[in-house]
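Only one chain is included here, represented as structure tokens and corresponding to the form predicted alone.
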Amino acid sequence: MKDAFLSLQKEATDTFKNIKETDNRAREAWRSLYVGRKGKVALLMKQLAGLSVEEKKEIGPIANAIKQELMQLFKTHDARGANARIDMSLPGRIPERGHEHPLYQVMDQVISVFLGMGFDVVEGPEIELGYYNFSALNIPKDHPARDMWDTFYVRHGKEEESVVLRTHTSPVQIRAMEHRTPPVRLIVPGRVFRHEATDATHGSNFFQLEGLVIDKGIRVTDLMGCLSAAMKGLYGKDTTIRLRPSYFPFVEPGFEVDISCMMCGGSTQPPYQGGGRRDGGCSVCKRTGWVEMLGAGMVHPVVLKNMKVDSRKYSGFAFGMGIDRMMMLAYGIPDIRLGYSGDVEFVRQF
């Protein structure tokens, strides 16, 4: 029996040496014939069952060693053959490199503008306590302003409303001021959540960037100057802003801030085309010359009090902008849902 294994080993080794390295079919046929599941080695090892215990102890290790040696011969030779088939004269394959999502490209651009103006970047939790998300921002539990947000509540203990997915980045203002004293200048980028119907301009989650400035003698004119400089940094030196009165519970007074249309330069006149026909004008601003960009206002005294800031000595302003809307304007994206689709072909365009 021992001689049978040694003879099979020599036969298999000699046969393999005569196979060309580039002949894949012949190598695979050899593997199947000798070391395959139904190969010659496997069939011969089945005969070990009829031997005595003493013969098994003697021949068994020899049989296993021969099988392992033949399998290793195939693997080593196969690896050498694979390397031999590589044409080193061919140009290398350049690995594909990814890049930032267009949403983060715009966010990084906005952050860099405010960093250049001396702002600090602060982040906070996306799952937030109701106190920070509402109460500390002058929105008590029974205040009608809470109807402005359709919120995702998280069950936590006995009070279902005590924990929420944050509806805006403003809670981080309160958290940040627990460890700061005026003067402060900070921005808060991050994801927020609203229980809204999804369409081309709305989503259940999106990104905001919040800003907060607190110091002595801060006025509305400081707010206007800060936002004017930021918008010029983002959309060009000819960009202008305008403020319209609005309501936000955590600021007083509050404003909607528009910028002059970056597409038509703020023109309200529709362009004429051939044949005496004229179209509807700019598709971005709808011939108004302005694009709504963000909300802002002077920090409410109640909010300053909750920040443990003396409103008799200090004042401040806050603003918030939607990064998704800015992305859509920057790249002409018609549907906000494209940014969250996971479509690689979409992302590769930017």
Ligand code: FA5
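So that there is no doubt, residue numbering starts at 1 and follows the sequence shown. These figures come from a predicted structure and were not determined experimentally.
One more form of this protein, predicted together with this ligand, exists but is not displayed; see below.
With a 4.5 Å cutoff on heavy atoms, Phe74 does not count as touching this ligand in the model of the complex; it lies far away.
The closest heavy atom approach of Phe319 to this ligand in the model of the complex falls within 4.5 Å. Contact check for Glu128: every heavy atom lies farther than 4.5 Å from this ligand in the model of the complex. Although the partner is absent here, Ile336 lies within 4.5 Å of this ligand in the model of the complex, judged by heavy atoms. Look at 118-126, 194-202, 213-221, 228-236: in the model of the complex, residues with non-hydrogen atoms within 4.5 angstroms of this ligand sit in 194-202. With the partner omitted from this view, the residue of Pro301, Gly289, Gly295, Gly39 that lies near this ligand in the model of the complex is Gly295 [heavy atom within 4.5 Å]. Scanning Val251, Val188, Cys261, Leu103 against this ligand in the model of the complex with a 4.5 Å heavy atom cut-off leaves one residue, Val251.
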